[in-house]
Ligand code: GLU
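There is one chain below, alone, in structure tokens, taken in the form predicted on its own.
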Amino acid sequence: MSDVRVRFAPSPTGALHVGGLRTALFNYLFAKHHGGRFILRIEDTDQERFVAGAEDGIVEMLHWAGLVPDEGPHLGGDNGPYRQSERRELYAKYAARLIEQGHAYQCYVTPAELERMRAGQMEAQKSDPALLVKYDGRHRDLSDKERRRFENEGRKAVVRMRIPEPEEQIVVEDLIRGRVVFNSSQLDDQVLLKSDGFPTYHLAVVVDDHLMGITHILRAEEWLSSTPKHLYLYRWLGWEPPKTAHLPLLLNADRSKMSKRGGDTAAGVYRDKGFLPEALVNFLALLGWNPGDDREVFSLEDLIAEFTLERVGKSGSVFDLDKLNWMNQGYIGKLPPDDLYAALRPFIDRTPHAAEDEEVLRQICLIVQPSLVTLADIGGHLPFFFRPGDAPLAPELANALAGEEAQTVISAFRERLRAADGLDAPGFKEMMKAVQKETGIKGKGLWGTMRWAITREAEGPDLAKVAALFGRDKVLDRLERVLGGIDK
């Protein structure tokens, strides 16, 4: 299957949805698994919903996720142009051919007439639920005289496909859903070309997929019901249709459909919140696809090697944020020091912090690395390291440190620290062992006390590493303050 060609064809009507990124990912994995081509096509024919900058945002997100197209509007290729707005002459050409063949016709019905027609059908549907709300075909067989009259009235025609009569069954052999049968009586005379000359999705997608040599269409389940209309167009134009695979829905925790308008559904939100692209890609791959065993962590290269449509399910997959958080924390925890700092630096720059040198910031990143669920969490950790030593203690903490046991522990540690030339993490631990042996105090009475005295917090990262970062003099100053009553 080295001739596999797939496409990801988003509309630039807003930010890329995580469901769209999952669709792009499955297309990419399928193409690369078979040594094929992954094509980006921008379906920008809906001029009313067009959002300036959306196309650039889509391209940026694909590159961020590592899903770099082989052909596309920013890359070129032998099958361009790759924006539908630049291919209008092609759609007009094939719409004219369909009219000439009798498979399409010009319709002059006005928006107001369509609205009245649909309102009447919806009213009739109340007494007969089996009735369908669809175009009633009133302009299917206009005479030349009637067409001229409508044009003289200033009406502009759309081009509609002519669903054939009598009715027939249309069979879709889907690579995920299997055999799906539709009845042509359920289909509408769909608009193919709008009055402004722009095509609808149905005409453009068929023309483009054929001319771009697309062999497989992997798209969202919601497009399955449109497939029969596309099969008619392929039949009438004399083209072999690509194979189709309709992907399962993404679901919210309550198993409702994940909408573009609900919650954090834009893929860029997860990037901006500090999710690594490797983690998000790994997570999305498992929403609908499984490797056949209990493995959950895959690199992009692993996914390419193992991805097959046979392991894509039909049922919707729940977008489990807790699992994404778990996966992201795991990926962050494995980052080498330089990669960790590079990933965290943009989030560090968003957070006010003391003017420390880069080496200090690098050490902080390593100390808190095990605690980071997202990269953005670094912002909550930085104040901990830059809080001044004379910051007041919470009353309950001050009372605890004034107790006899706490004072004994702090005094014993202070004496050892005074005698030391410096302080590193192993040295801190050795001193703590010595204090435990001397005082007989251990557990929270030992470690909790020292954490409170040094960090002014009840919880936090590895205390030995924090103490080593603060250094001998800073730790000693904080212990002296507690023992000297400065913080009381």
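Bear in mind that the values here come from a model prediction, so they are computed numbers and not experimental data. Sequential numbering from 1, following the sequence displayed.
The protein also exists as the form predicted together with the ligand; that form is not presented, and the subsequent description refers to it.
> Of H103, R219, H381, R414, which residue is found within 4.5 angstroms of the ligand in the predicted complex when only non-hydrogen atoms are counted?
By the 4.5 Å heavy-atom cutoff, the listed residue in contact is R219.
> Can you work out which of V159, V205, L98, A267 has a heavy atom no more than 4.5 Å from the ligand in the predicted complex?
Checked against the cut-off, the match is V205.
> Just to confirm, E43 within 4.5 Å of the ligand in the predicted complex by heavy atoms?
Yes - in the predicted complex, heavy atoms of E43 and the ligand come within 4.5 Å of each other.
> Given that the ligand is not shown alongside this chain, does A9 nevertheless sit within 4.5 Å of it in the predicted complex, heavy atom to heavy atom?
Within the cut-off, so yes.
> Check Y108 for me: does it contact the ligand in the predicted complex (non-hydrogen atoms, 4.5 angstroms)?
Looking in the predicted complex, residue contacts with the ligand do not include Y108, since no heavy atom lies within 4.5 Å.
> Might F319 be said to contact the ligand in the predicted complex, defining contact as any heavy atom within 4.5 Å?
Looking in the predicted complex, residue contacts with the ligand do not include F319, since no heavy atom lies within 4.5 Å.
> Looking at heavy atoms inside 4.5 Å, which stretch does the ligand contact in the predicted complex, given the options 304-312, 219-227, 403-411, 183-191?
The contacting stretch is 219-227.
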